[in-house]
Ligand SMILES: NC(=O)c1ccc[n+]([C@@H]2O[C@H](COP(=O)([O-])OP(=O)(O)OC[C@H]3O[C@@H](n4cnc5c(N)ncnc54)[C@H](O)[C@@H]3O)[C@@H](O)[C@H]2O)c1
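We begin with a single chain expressed as structure tokens, specifically the form predicted alone.
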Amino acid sequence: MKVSVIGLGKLGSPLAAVMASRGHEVVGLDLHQRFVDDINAGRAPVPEPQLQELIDKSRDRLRATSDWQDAVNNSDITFIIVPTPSDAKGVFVNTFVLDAVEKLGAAIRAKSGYHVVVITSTVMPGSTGGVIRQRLEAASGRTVGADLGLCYNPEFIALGTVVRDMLYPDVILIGQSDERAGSYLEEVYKTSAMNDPAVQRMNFINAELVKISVNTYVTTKISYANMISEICGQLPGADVDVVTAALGKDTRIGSKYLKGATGYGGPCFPRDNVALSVFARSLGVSPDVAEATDRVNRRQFDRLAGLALSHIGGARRVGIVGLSYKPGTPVIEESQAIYLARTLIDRGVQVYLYDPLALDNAMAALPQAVRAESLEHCVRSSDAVVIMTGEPEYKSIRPEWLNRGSDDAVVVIDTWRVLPRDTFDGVATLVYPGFGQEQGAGVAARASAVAAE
């Protein structure tokens, strides 16, 4: 099929490359000329695992333009995947989507034949069938139905695994204006997905609710695991990994996202949770679970800072390893590592930073910090180290990097349990949050008293 993709950023360029790699003729469009030039030169516009590989594979089927008429004339279906930032209340703003819809609609007006428009950007419930449909019909001079299809089709992906998640989706969610539009979009996915995902087709409002409900449910599992971690951290002998592993064996719960570590961050989870809460309250519904999830997550910032400060003692140089909100991405939005670094810097600690992808972004946000040129440089330069993500590279930390030749062992706070404790015995003191190490004086006595009651 002939496909166009509007927006060639963190999600749009992988979508275009995936579609092209699976045999579709794809033209991407972006207002940023660099993105257009990169695609046409065969370069990945954004850093994302496997993206360059797919672009290399699909050079003869993938190109980019800044000409809306070119994009529309050379496609039968258009995916709009542009930002929908949150306003001060947490509501998604459709400004960029509507601008794209109007320009796309004007180009469709000048074209004959059926065309399907797919909104892939996450929008608030009521948007696709409301203002988006109205703007599209006004700009195109057509009515959604006979010669114009409209679908809502958000992706369920994570930065760092975008390509994999698009090639092997768990589910394809299609909010459809009508049967024809939904079937056309489903046909595209039959060839683009490498597995056989479940396809869920429904009306716009249900699809819009599914999207933000999924992310809110996932964040609830993360916050639940972190709540268990807090409890375990106050009980000598407790081990959060043992507890959550057992919980995850229950098929009613499952093990995905059930790991007590750092809180969630990034550009989607926090804001989707807030958006669902705001939307529910606008309907007079109390979103107690979503709001509690958000409170637990925000508490992790202070919990981690307090844990670090209680263990680093008089350390004046602290290395923070893992600066992005998750492994495999340069994105530092809502990163707990950035919050921790700011807290330590404000207390006069010299902070060394290292991350294989996010270091530039982190240094721009924290110019007072010291840039470590390698993982080894960061570890050797620090009196205490905090590992903030489960990046596989961090498993290569060697005991000799931590050996200071003194009786005082270097403290390593390993939030994701990357390093094996027995390898570092006698060289470093490994602290695993959620392993009965956060307790203060009298906790064991209090726990015994409660048990006795």
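Computed from a prediction, not measured in an experiment: that's the story for all the values here. All residue numbers refer to positions in the sequence shown, first residue = 1.
Heads up, the form predicted together with the named molecule isn't pictured, but that's what we're talking about next.
S.K.: Would Glu155 count as a contact of the named molecule in the predicted complex, using a 4.5 angstroms cut-off between non-hydrogen atoms?
M.R.: Taking the distances in the predicted complex, the answer for Glu155 is yes, it comes within 4.5 Å of the named molecule.
S.K.: Given that the named molecule is not shown alongside this chain, does Val82 nevertheless sit within 4.5 Å of it in the predicted complex, heavy atom to heavy atom?
M.R.: Close contact exists here: in the predicted complex, Val82 approaches the named molecule to within 4.5 Å, heavy atoms only.
S.K.: Within a 4.5 Å heavy atom cut-off, is Cys268 in contact with the named molecule in the predicted complex?
M.R.: It does: once the named molecule is placed as it appears in the predicted complex, Cys268 has a heavy atom within 4.5 Å of it.
S.K.: Give a yes or no for His115: in the predicted complex, does one of its heavy atoms lie within 4.5 Å of a heavy atom belonging to the named molecule?
M.R.: Output for His115 is no: heavy atoms all beyond 4.5 Å of the named molecule.
S.K.: Given a 4.5 Å cut-off on heavy atoms, tell me which of 408-416, 28-36, 51-59, 385-393 is the interface stretch with the named molecule in the predicted complex.
M.R.: Within 4.5 Å of the partner lies stretch 28-36.
S.K.: For this chain shown on its own, do Gly7, Asp99 and Ser121 all sit within 4.5 Å of the named molecule in the predicted complex, going by heavy atoms?
M.R.: All of them do, each having a heavy atom within 4.5 Å of the partner.
S.K.: If you check Leu159, Ala181, Ile320, Leu136 against the named molecule in the predicted complex, which one has a heavy atom within 4.5 Å?
M.R.: Filtering the options by heavy-atom distance leaves Leu159.
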